[in-house]
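The same protein chain appears twice below, in two forms, each given on its own as C-alpha cells and labelled structure 1 and structure 2.
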Structure 1
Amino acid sequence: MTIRIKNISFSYPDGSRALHNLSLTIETGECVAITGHNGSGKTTLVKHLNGLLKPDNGDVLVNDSNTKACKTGQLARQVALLFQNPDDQICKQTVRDEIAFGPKNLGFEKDKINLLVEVSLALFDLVQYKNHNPHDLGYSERKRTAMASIVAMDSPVLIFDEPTAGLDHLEIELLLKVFEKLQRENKTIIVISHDVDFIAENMDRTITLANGEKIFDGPVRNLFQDDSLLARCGLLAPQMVQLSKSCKLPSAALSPQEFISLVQD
C-alpha cells in the first residue's frame, strides 16, 4: 500500500491557498509524523489521502489508483482517517455500535465486524464501557472510542489527527501498544501532532509543512536538531533534544536510553 502524492496544489473555494506543489511518497509500514503550524495545511493534506479533498492540480495515488477516480467510501477501505475531536463523529448510543459503524459502512460480514469490534474494544481498554452511551463517558474515553472505531475499520493505512491531545500518561502508553500492534501487522501509521516528545520517541520520519509547502521530509532527528527549521514551523525542541543541546552533545538524543549511550564512552 504505497501512497504517492505528485505535485499537488489545492485552494479552498474562498481562494485561500492551502497546499502548493507538494510531492511525497509514503511506503507500506512506515510510521510518519506530520508537523507544522496551525493552518500550515496538515489537515488539508491528509484529507487528500482518502479523497475527502481532490487536488486542483497534481495527483494522489493510493495503491496506484488515482483518488480523483474513487469515492471516499471506497477509499476508506484503504485509508482510515480519525479527526481530532471525537464529538464530531460519535453518532451511536453505545460504544460498541459506535465502533461498529465504520466496519458496517465498509460492508464487512457480520462475524468479521464482531471480531474487529471486540479486538478494538480490548485494545483501547473499553470492554467495560461497551454498552455505555459514549456521551456518558469522559472526554478521553470518547477519544479512545473514536480511535477504536478507526482501528476497527482494518484499513492498511491509518491517519490520526492529534491522537495524544487530552489523553493521560496511561492512555498514551495504551496508544503506543496499539501502534506497536499495527506496526507488526505492517500497517502504515500517519500522525498529525504537536506533541514533540511523543514524535521524537515513537515516529521514524516527519514531514513538516509551512504555508502549504513541504519544508522538511526526513528522519525525525534531523528536524529536531535544526533550530531554524523548528522556529519556522513553530515547534519547541523535545525535552531530550534540549538536554542534548545543553550538554553540547554532537548529535541530539531522542530518548533517555539514547542519551545515556551517547554520553557513555
Structure 2
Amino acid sequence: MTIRIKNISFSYPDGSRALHNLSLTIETGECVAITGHNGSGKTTLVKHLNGLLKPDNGDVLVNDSNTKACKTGQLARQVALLFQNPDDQICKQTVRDEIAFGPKNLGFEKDKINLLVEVSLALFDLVQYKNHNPHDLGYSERKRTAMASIVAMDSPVLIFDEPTAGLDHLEIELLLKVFEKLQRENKTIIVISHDVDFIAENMDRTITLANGEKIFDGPVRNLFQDDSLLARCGLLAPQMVQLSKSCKLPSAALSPQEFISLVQD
C-alpha cells in the first residue's frame, strides 16, 4: 500500500494556508513519524490520506487511487485514522460496540468482526471493560479503546495522532507490542507526535513540517543530531541525545541501550 503525495497545497476556508507544494512517498510496511511544531500542518496532512480533506492543488494517491475521486468511506478500507482526542472518536455505548463500529461499517462478515474485536480487546488490555460505557472510563482507557477501534478495521495503513499522550510507561509498552504485530503483518504505521523520546527509540523515518512545508525527510537519527533543524521545527532533542552531548560522547545515542553501549566503549 504505497502513498504518493504530489505537490499538494491546501488552505482552510478562512484563507489560512496549511500546506504548500508538499510531496512525499510512504511505502508499504514503513513506520514513519510526522513531526513539527503546533500548526505546522501535520494533522491537516494526514487528513488528506483518508479523504477527510482534499487538496486545493496536487494529488494524493493511495494505492494508485486518487483521493479526489474517492469517498471517505472507500478510503477507510485502506487508511484508518486515530484522532488526537479519543472523545472526538468514541460514539457507542460499550467498549465492544465501539471497537466493532468500524468493521461493521466496512461490511465485514459477522465472524470476522467478532474475531477482530476480540483480538483488539486483548491487544489493548480492554477485555475487562468490554461491556462498560467508554465515556465512563478514564482517559487512558478511552484512548486505548479508540486505538483498538482503528486496529480492528484491519486497514493496511494506520495513522496514530499523538498516541502516547495520556499513557503511562506500561501502556506505551503495550502500544509498542501492537506496532510490532502490525509490522509483522506488513502494515504501514504513521505516527504524529511531539514525543521525541518515543520517536527516537521506535520510529525508522521522520517527516518534519514547518509552516505547511516539508523541511526534513529521512532517518530519525539525522533529525535529532541537527540542532539548527530542531530549532527551526520547534523540537527539543531527545533526552538520550542531550545526555550524549553533555557527556561528550563520540555520537548521539537514541535510546538508553545505545547510551550504555557508547559509554562502555
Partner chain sequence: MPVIDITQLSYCYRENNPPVLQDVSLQIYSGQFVGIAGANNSGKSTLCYAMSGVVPHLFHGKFSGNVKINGISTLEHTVSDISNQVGLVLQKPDNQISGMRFTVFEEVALGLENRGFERETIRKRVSEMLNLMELSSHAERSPFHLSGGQQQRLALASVLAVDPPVLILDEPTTFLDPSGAFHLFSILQKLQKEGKTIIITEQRTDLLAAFTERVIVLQEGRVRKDGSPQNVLTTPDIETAGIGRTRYTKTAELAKKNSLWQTDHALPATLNETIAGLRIRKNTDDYKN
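One-based numbering along structure 1's sequence throughout. The term rigid core refers to the maximal set of C-alpha atoms that superpose within 1.5 Å between the two forms. The structure presented is a predicted model; accordingly, all values stated were derived computationally and were not measured.
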Practice problem: Name the structure that is the form predicted together with its partner chain; the other one isn't. | Solution: 1
Quiz item: Quick one: once the rigid core is lined up, does Leu24 have its C-alpha move by 2 Å or more between the two structures?
Solution: no
Quiz item: Relative to the superposed rigid core, does the CA atom of Ser251 travel 2 Å or more between the two structures?
Solution: yes
